[in-house]
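Just the one chain here, laid out as structure tokens, in the form predicted on its own.
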Amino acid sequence: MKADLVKTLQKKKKQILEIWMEKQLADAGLRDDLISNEELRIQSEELVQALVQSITEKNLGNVESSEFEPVYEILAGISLSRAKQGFSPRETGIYIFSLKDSLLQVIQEEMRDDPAAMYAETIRISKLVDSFGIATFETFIKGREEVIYRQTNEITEISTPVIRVWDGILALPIIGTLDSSRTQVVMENLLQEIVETGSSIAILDISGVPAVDSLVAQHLIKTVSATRLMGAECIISGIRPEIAQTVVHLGIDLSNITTKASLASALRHAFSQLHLEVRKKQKQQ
């Protein structure tokens, strides 16, 4: 890139910013519900400032130049924040590539009398901004994966609550599919609560589990075994007719595990084991 054009871009950074902002604000898919126009301007101005200051005659063809580190850092911050805010990949891509359109517009205005040079410099600027776009997408994907991972963990924690229903009795309603990772969370939460409360009976209610196959049954058996090692009895409740048929059809042996059709039945059994009796109080005449 010619040195005078580098200086021109630096001198015209304000124009570049204005063109870029105009393109962004004109986009029908602008998400002003996620970011205000003022925040968008501040964000864009910071990126333009870092870009025009980083470009030199030598590094334009080297996208891995250390001089572009400030640009990549800003793009990484923008990508992560947009992933957390709920922007789509398309919206994030438009943000970066509309900057390329703005840069090319300035270049074309400056070099319109030299088509050959304009073409060559357009290709170089396009490759540079495209590399920025790729880096942005990579960071965006990582940010989105972090959000999904965090939300998955939060949902898992919420969907596996250990409830103290009575002194010495815990209940853990399981909702959704029971896989290996979730079984680990269930066991950890249940065993920790057994230690903290000194409970001797734990009820696993699977009324909210859509289906039971051999793998789910194995996970339940592991949880029961772990509970017994802690000195507590485990009762499985919520055995619906279709689940009972599936267990028999698969030949899964649950004969050494106490099972009940409902949570109420399991709770009555737990009261019996603890020699407790709950009776309805008669109204006094």
Partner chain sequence: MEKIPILRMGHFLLVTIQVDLYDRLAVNLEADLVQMVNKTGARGVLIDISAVSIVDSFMGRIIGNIANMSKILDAETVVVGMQPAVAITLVELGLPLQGVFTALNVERGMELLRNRIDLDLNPEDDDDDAISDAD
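Numbering follows the first chain given and starts at 1. Superpose the two forms; the largest set of C-alphas matching within 1.5 Å is the rigid core. Because the structure is predicted, anything quoted here is derived from the model rather than measured.
FYI, the form predicted together with the partner chain isn't displayed, but the following is about it.
With a 4.5 Å cutoff on heavy atoms, residue 228 counts as touching the partner chain in the predicted complex. Shown alone here, residue 198 lies within 4.5 Å of the partner chain in the predicted complex, counting heavy atoms only. Using a 4.5 angstroms threshold between heavy atoms, residue 14 stays clear of the partner chain in the predicted complex. In the predicted complex, at least one heavy atom of residue 192 sits within 4.5 Å of a heavy atom of the partner chain. Checking 213, 188, 109, 114 for any heavy atom within 4.5 Å of the partner chain in the predicted complex turns up a single hit: 188.
Only one of 222, 240, 31, 41 lies close to the partner chain in the predicted complex, with a heavy atom inside 4.5 Å, and it is 222. This chain is displayed without the partner chain, yet in the predicted complex the stretch 270-278 from 270-278, 6-14, 257-265, 19-27 comes within 4.5 Å of it by heavy atoms. Core-superposed comparison between this form and the one not shown: CA of residue 106 displaced by less than 2 Å. Once both forms are fitted on their core, a CA shift of 2 Å or more is seen for residue 269 between this form and the one not shown. Once both forms are overlaid on the rigid core, the distance between the two CA positions of residue 63 between this form and the one not shown is under 2 angstroms.
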